[in-house]
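Before any questions on how it binds or moves, here is one chain, the form predicted on its own, in structure tokens.
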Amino acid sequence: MNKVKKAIIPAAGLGTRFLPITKAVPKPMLSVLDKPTIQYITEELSEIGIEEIVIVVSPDCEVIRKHFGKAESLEERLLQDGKQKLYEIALETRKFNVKFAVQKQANGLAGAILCAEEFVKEEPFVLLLGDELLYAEKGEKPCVKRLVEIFEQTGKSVIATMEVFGDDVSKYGNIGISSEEDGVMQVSRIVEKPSITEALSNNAIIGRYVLSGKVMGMLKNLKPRNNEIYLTDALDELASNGELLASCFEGARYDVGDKLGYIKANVEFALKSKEIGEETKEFIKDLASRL
């Protein structure tokens, strides 16, 4: 069975929901507490043996490249000033084996994946979407680790899912389930953002996937719709062939592509912080008393 060693992180979106800040700062570089969201996402990969991460960026994006590169003058100054701890924090972003691919044409998620084809070739890969952070507490299995384990045990592509209800059903890709065993679901169909009456289940697709190498070839053969290539079209084909699984995950998910979700992530990560957690808790208590 092929081991999963590569990952793709699409990061070339326009970030229009966060204008005007995203005129100058790519949305994946917006910080949650003291790290950009894209660093949290790469950290999800750090303990599961991923050897190569490909970040797909827009043609004029240098900020993400800079974040994962050297900062020689800063690093030298921190050493000179005896700030060893800050020096080590600055070095953290260089521990990832990151490469970059450029998405020249805004043709959707599948288009971004295809930009990384020469890096991934026909190997399986993890796909992590930058609008979502997943946080596993101690004792919980990280989402990506669970998906990789399922793929390596079965050889089938696998996607992360969560239950949604009411109006939220129409905000996500939706899956039909033909069977379930030990928390692993056999996906029978996929529909993109259905109405409540069209939904196949209450299970939504979220932004973590482990996909077989054959998906690249499938995407290349898809016909665009509305000038975009849709990953869900390839996933639906896999599902029809009995080659797609889904799994729920442990831990918390934060939708940092949404303004309220972004605020929630910052508050909760601040509460988890060893540095400012207690002060944040007291501030929230005081604020709540005045609402």
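We number the residues from 1 along the sequence you see. Since we're looking at a predicted model, the values are computed, not measured.
One more form of this protein exists, namely the form predicted in complex with 1-O-phosphono-alpha-D-glucopyranose (G1P); it is left out here, but the text below deals with it.
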Worksheet item: Looking at I150, A136, L78, L129, which is the one with a non-hydrogen atom within 4.5 Å of 1-O-phosphono-alpha-D-glucopyranose (G1P) in the predicted complex?
Response: L129
Discussion item. Which residue, K121, K141, K83, K193, is the contact with 1-O-phosphono-alpha-D-glucopyranose (G1P) in the predicted complex, using a 4.5 Å heavy atom cutoff?
Written reply: K193
Worksheet item: Is the gap between G176 and 1-O-phosphono-alpha-D-glucopyranose (G1P) in the predicted complex 4.5 Å or less for some heavy atom pair?
Response: no
Worksheet item: Could you tell me if L114 has a non-hydrogen atom within 4.5 Å of 1-O-phosphono-alpha-D-glucopyranose (G1P) in the predicted complex?
Response: no
Worksheet entry | Contact of Y172 with 1-O-phosphono-alpha-D-glucopyranose (G1P) in the predicted complex (heavy atom, 4.5 Å) | yes
Worksheet item: Might V215 be said to contact 1-O-phosphono-alpha-D-glucopyranose (G1P) in the predicted complex, defining contact as any heavy atom within 4.5 Å?
Response: no
Response to the item:
In contact with 1-O-phosphono-alpha-D-glucopyranose (G1P) in the predicted complex (heavy atoms, 4.5 Å), from 178-186, 67-75, 205-213, 83-91, is stretch 205-213
